[in-house]
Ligand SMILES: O=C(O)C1=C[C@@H](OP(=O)(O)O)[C@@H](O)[C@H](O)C1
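Next up: just one chain, as structure tokens, the form predicted on its own.
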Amino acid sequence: MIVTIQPSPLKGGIYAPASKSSMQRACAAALAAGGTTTIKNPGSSNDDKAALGVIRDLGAEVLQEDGELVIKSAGIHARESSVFCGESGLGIRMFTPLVALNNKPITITGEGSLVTRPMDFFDTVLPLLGVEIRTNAGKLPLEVKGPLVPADITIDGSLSSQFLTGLLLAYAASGAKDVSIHVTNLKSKPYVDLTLDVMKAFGLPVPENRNYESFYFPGSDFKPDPSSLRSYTVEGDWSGGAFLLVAGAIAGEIVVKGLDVFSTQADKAILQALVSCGAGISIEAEQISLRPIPLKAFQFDATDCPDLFPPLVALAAYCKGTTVIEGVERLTHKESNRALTLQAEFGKMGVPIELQDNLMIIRGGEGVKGAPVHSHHDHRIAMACAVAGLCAQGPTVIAGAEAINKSYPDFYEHISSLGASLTIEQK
């Protein structure tokens, strides 16, 4: 799909999409906790759909009723010999330990960039927990055979906190007693907070968080309760909402609703960047209002929120001066190597980007040129280019624009409703 963005001002109000970080964790927790869960404000991205497919394969029943989802579970009891995680990095890392609670061999597959992402974390960790595992030289497909038996282990959290999320859920679901998961170099701590919050909401045993260096399970008599009833509302998504907020800061007066300013989502930090660059922003409990005013360069550490790099680059393109963003090392194993992809595509739009070790240096405020660009099949690159194109000189033509379906399938419709002039050509 090719989307052409014409320079156009924005005006109006919009609700942020549902958080796939919250939605996918809720799916896993509903499966593990058992009972009947009503999920309100469910997401509809490809990653969300993949998570629902996984929990079906692991024994849950999923029904759609009046715009809500109803998940019925008796615990983790795989009904299939394979599960498919789509292209979801969170999905593969979170669900693999839960899959490993079964005592039969199960193959875990995916597609797109997921088949190239390293999974050798599981090669080293799961055997310590009594799980047999085979991988394709550290990549998909994975074959695991449990049951996983919780034990004291130490893991490296430098690549992603998502591996820890999966282990925390699996330990809780298995009734872990007097064991700890020790973590070194943990990144993205806010996402761990989100995991613990979801576990608590679903009645799963929540470990003691010892300064993010270890997570201790004192023990419980937890068992899935098929008779339990609960309701969970999926938060608005700060990851997708960040693109709307940046769009408002550079292209028009808009109001974004549905984002919880008290959320534990890491990408809420976009507010810090907007304030730092002098954006015209008003933050209230129920809504965030933005208006375009001259912006200045800023410095930002995105180590704990690497998904913010694309909207931050779009913002920095319109900030006068040199913006420096830290955390480039977190960008290698995404849907694309985002550091190189952002450098290449924004370079086409006349925005110089320099990479120095763990720093990204963006020289902005000198004008953005509309140009033919490519998403590299990365949803956040497609959205970043679209936002940058709103105030560019000339049209921005985005190839591979359908990549947004991974996380925010309504993105083009949403910015169009705010006044963005765009055309969509199916290929």
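Start at 1 with the first residue shown and count on from there. Worth saying up front: this structure is predicted, and the values here are computed from it rather than measured.
Not on display, but discussed next: the form predicted in complex with the named molecule.
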What is the one choice in 73, 174, 341, 188 with a heavy atom within 4.5 Å of the named molecule in the model of the complex? 188
The single option of 162, 263, 180, 102 touching the named molecule in the model of the complex, heavy atom within 4.5 Å: 162
Tell me which stretch of 215-223, 344-352, 299-307, 253-261 has a heavy atom within 4.5 angstroms of the named molecule in the model of the complex. 299-307
I'd like to know whether residue 268 contacts the named molecule in the model of the complex, with contact meaning heavy atoms within 4.5 angstroms. no
Is the gap between residue 90 and the named molecule in the model of the complex 4.5 Å or less for some heavy atom pair? yes
Pick out the residues of 3-42 whose heavy atoms come within 4.5 Å of the named molecule in the model of the complex. 20, 21, 25
